[in-house]
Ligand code: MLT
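As structure tokens, one chain now follows by itself in the form predicted alone.
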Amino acid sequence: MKHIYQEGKEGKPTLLLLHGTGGTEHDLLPIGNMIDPDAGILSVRGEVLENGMPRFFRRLAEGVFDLEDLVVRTKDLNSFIGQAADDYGFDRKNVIAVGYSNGANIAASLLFHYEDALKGAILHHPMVPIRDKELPPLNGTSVFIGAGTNDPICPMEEAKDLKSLLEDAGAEVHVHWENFGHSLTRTEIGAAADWYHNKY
């Protein structure tokens, strides 16, 4: 997978940066720096193209995911993180995902499919990646969800349902609400950074 790796200070988490539709591995680098300038960075570009725009998995329509592709791409990303940990020498058990929109959805899918994929996650404007699935135990996993009260792409119910599903699996979840549609604002990033520093 095309990616950028930046080594962090010893003992600090590695931030797995996952862009939104049409983004690249460069998009979330400033956000990673705002959250924790001392953390390691593993920023990945999605391998699916939709009308020339990179994504992490296919969709059939707006808000309708190709679930078969989602499962395969989630498995590939999980394997890639493990390989990158071996290649670069970071702690595989100390990875915090930071995802926006499509990137937040693949990060949520990692949590839905793999017990030890992530130590925690910051999910900006996510949806429930897959329904009617039994989640692995997520005790000890902390999740921040940034959501919009008027988000036309990710309705409020998606964030609320995602919170409930993760909590039912044992995760600790905090939801931060904004009123700026699907936009990722500086105040939302600031709230995520505050949450992160309280946890890690």
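Since the model is a prediction, treat every value here as computed from it, not as a measurement. Heads up: residue numbers just count along the shown sequence, starting at 1.
Just so you know, the form predicted in complex with D-malate exists too; it's not on screen, but the next bit is about it.
**OP:** Have a look at 167-175, 142-150, 36-44, 57-65 and name the one stretch with heavy atoms inside 4.5 Å of D-malate in the model of the complex.
**Re:** Stretch with heavy atoms near the partner: 57-65.
Original post:
Just to confirm, Thr185 within 4.5 Å of D-malate in the model of the complex by heavy atoms?
Top reply: Judged by the heavy-atom cut-off of 4.5 Å, Thr185 is well away from D-malate in the model of the complex.
Original post:
Wondering, does Met127 line up within 4.5 Å of D-malate in the model of the complex on heavy atoms?
Top reply: Met127 belongs to the contact set for D-malate.
**OP:** With heavy atoms only and a cut-off of 4.5 Å, decide whether Thr24 touches D-malate in the model of the complex.
**Re:** No, Thr24 is distant from the partner.
Original post:
Should Ser101 be counted as a contact of D-malate in the model of the complex, where contact means heavy atoms within 4.5 Å?
Top reply: Judged by the heavy-atom cut-off of 4.5 Å, Ser101 is in contact with D-malate in the model of the complex.
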